[in-house]
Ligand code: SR1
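First, one chain by itself: the form predicted on its own, in structure tokens.
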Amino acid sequence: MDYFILNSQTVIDYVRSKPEAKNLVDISAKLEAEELSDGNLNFVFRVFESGNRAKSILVKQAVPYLRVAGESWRLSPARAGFEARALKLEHQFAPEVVPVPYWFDETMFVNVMEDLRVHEVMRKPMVNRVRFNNLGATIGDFLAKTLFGTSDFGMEASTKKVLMTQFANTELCEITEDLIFTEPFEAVLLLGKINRNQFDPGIKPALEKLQADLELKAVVAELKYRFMTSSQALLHGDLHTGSIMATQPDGHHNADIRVIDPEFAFFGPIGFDVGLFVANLFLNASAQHGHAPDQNSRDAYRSYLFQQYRFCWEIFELGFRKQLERANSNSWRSKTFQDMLMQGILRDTAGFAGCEMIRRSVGFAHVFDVDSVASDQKRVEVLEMNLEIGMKLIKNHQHISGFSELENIVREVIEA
């Protein structure tokens, strides 16, 4: 079968043609399909038995361009292979948090996986202040398991080196380097490159001040270099509340939570994954300035968000340290070494979180949390908060000694 782009009609014929599908849906029955694509990169379809939506699979296809930008932004569909390999490993280490991968079609660049049909992407419910009390702990545990399991602590060095060759995700890493670490901090790019920043005119003075800050830009350059050269573990690479799904919370505000979309997976610094996740909690906290109906509801939900940040870090650190105690080298069991390692990860977390908050405010890819603020004035105030938080996290990240210090930097700006 030659490659072609699927649609809601041809995806049914595609599923019928695959022997792997017969144990998942009745391919002899009438099948229906609906397109679910809402991300930036790919096309996603749900294929299900007519009259029995519980019998369904998810079909995700990479196309040779960035879906949200159209064919003018060419992008290799080979990213689907990185996602397939990452899904397999993440499911191996954290099966309760990652959808079951069924098969990967390397000709069609298609991943077929468990359909999370009763789950919803978390970003919009959280904008509406829905609580998921097990969010931070679930993601902290996911990070501890997947990051340790793919690090030099969790596997033989020779095995990791071979695995790293399978995750030379050059194209998507370059997108991250440009959109997170370069374009937001530069008014004019070198070599004739196009700056894709998109920002509210109301924050132009604040952005110009940021881009003129030479100290800030030097620290960001160091973080970018660390992103490019540190290969501590296999990262998800794009871990935010748009890459996490959940069921409706139960009476205790807990839910079944799943992590999706690891096509940006690569071997990088552990703090990058942690930083992206916590930054998106902070983005929601600042955006409540324009969403919450009153001070009490705003303060209450912000307290919840900071609690989830603390749960995430505490569970991640506890889980990582417990696994280090069982590591196959005495070098990793030293408490002094573990303290130094975790402090380094926390500092990276703060720096990368700062970069994420800035790029989501002025760069190419924004977040619904901020863009959906109805009041123009409040949206500008939220954006200015994000820039201030981001700058402080970046400039102070190397001096942070505990996770409460990171939280306090964010709180001081948001609560001012």
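Residue numbers here begin at 1 and follow the sequence given. Note that this is a predicted model, so its numbers are computed, not measured.
The same protein also has a form predicted in complex with this ligand, omitted here; what follows describes it.
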TODO: Name the stretch, out of 56-64, 43-51, 358-366, 377-385, where some heavy atom lies within 4.5 Å of this ligand in the predicted complex.
DONE: 358-366
- [ ] Please state whether all three residues 73, 238 and 264 have a non-hydrogen atom within 4.5 angstroms of this ligand in the predicted complex.
- [x] yes
Open item on the list: So this ligand isn't shown here. In the predicted complex, which residue out of 175, 245, 203, 127 has a non-hydrogen atom within 4.5 Å of it?
Closed with: 175
Task: Heavy atom within 4.5 Å of this ligand in the predicted complex - residue from 164, 179, 292, 342 - done: 179
